[in-house]
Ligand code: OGA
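The chain that follows stands alone, in the form predicted alone, written as C-alpha cells.
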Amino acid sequence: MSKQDNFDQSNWLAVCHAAIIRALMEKGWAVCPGYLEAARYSSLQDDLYRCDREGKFTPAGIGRQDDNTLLPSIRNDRTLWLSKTNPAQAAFLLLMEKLRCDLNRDLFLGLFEYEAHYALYDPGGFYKKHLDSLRGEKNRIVSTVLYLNTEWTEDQGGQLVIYDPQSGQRQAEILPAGGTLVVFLSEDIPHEVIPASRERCSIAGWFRCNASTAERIDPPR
C-alpha cells in the first residue's frame, strides 16, 4: 500500500467515524457500507476459514465465562475470539482502537477495552432477538459487527434486523455484505440475525468500560 493509499484510507475512516458518531447520537445505531475495502475484508475472511479448517471454532453460548450456556434454540453460530498475535486479526483490532478513541473523544463514553470474535453461521443459522448487554451492567457499551461475505444478495437472507427499543418495530434490515460495519449501543438496541441460505461470516465486537472492583477484575485477565 502506497503513502497515498494510506492517506486515502485514513481520510475514509475519519469520514466513517464521524458519520457513526452522529448516528449513535441521533438514533443509537449506525451502518457504514464499504468501511473496509475488498482486499482487507477478504484477508479476514481467508483467516476465518483457515481457523475453521484447523478446528479452532467452538459453538457459541449465551452469557459470559462461567455463566455461558449453549442454547441452540436461541443462537447456533460458532465463534473464535480474536488475538493480537494473529497478523490479520491484529490489523482489524488496530482499526477498532482508532474507533474507540474517536468515540471516547466525541461521546465521552469511557470505553476501556475492545473484545471481538469471528462468528460463523452455517446455512440456516440464526440468533434470535436480544440485547448485547443488560442495562446498568456496563460490561458492554457499544457493539460492532463487520461483515466478511462476498457477493451477498437480498434473497439469500441473513440480514441483521434492528428493532426500535420503544415500539419493538423493525427499523432496519441490514444485508451482511462484505466490508459493511454496523455499530450500535449495546444496552439499547434489540437486534436479530435471521437465517440465511448460505454460510455467513462476520466479526462481532464490543467496547467495554472498566468494571473492576477491589474483589473482581473485569475484564478478566
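These numbers come from a predicted model, not from an experiment. A residue's number is simply how far along the shown sequence it sits, counting from 1.
The following text describes the form predicted in complex with the named molecule, which does not appear among the structures shown.
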**Q.** Stretch from 49-57, 33-41, 190-198, 164-172 whose residues place a heavy atom within 4.5 Å of the named molecule in the predicted complex
**A.** 190-198
Q) Exactly one of L80, L99, V145, L111 has a non-hydrogen atom within 4.5 Å of the named molecule in the predicted complex; which residue is it? A) V145
Q: Decide if the three candidate residues W29, L103 and I141 all line the named molecule in the predicted complex, where lining means a heavy atom within 4.5 Å.
A: no
Q.
Does any part of A204 reach within 4.5 Å of the named molecule in the predicted complex? Heavy atoms only, please.
A. yes
Q.
Quick check on L185: any heavy atom within 4.5 Å of the named molecule in the predicted complex?
A. no
Q. Wondering, does L181 line up within 4.5 Å of the named molecule in the predicted complex on heavy atoms?
A. no
Q) in the predicted complex, does K84 have a heavy atom within 4.5 Å of the named molecule? A) no
Q. Since the partner is left out here, which residues of 153-183 would have a heavy atom within 4.5 Å of the named molecule in the predicted complex?
A. L160
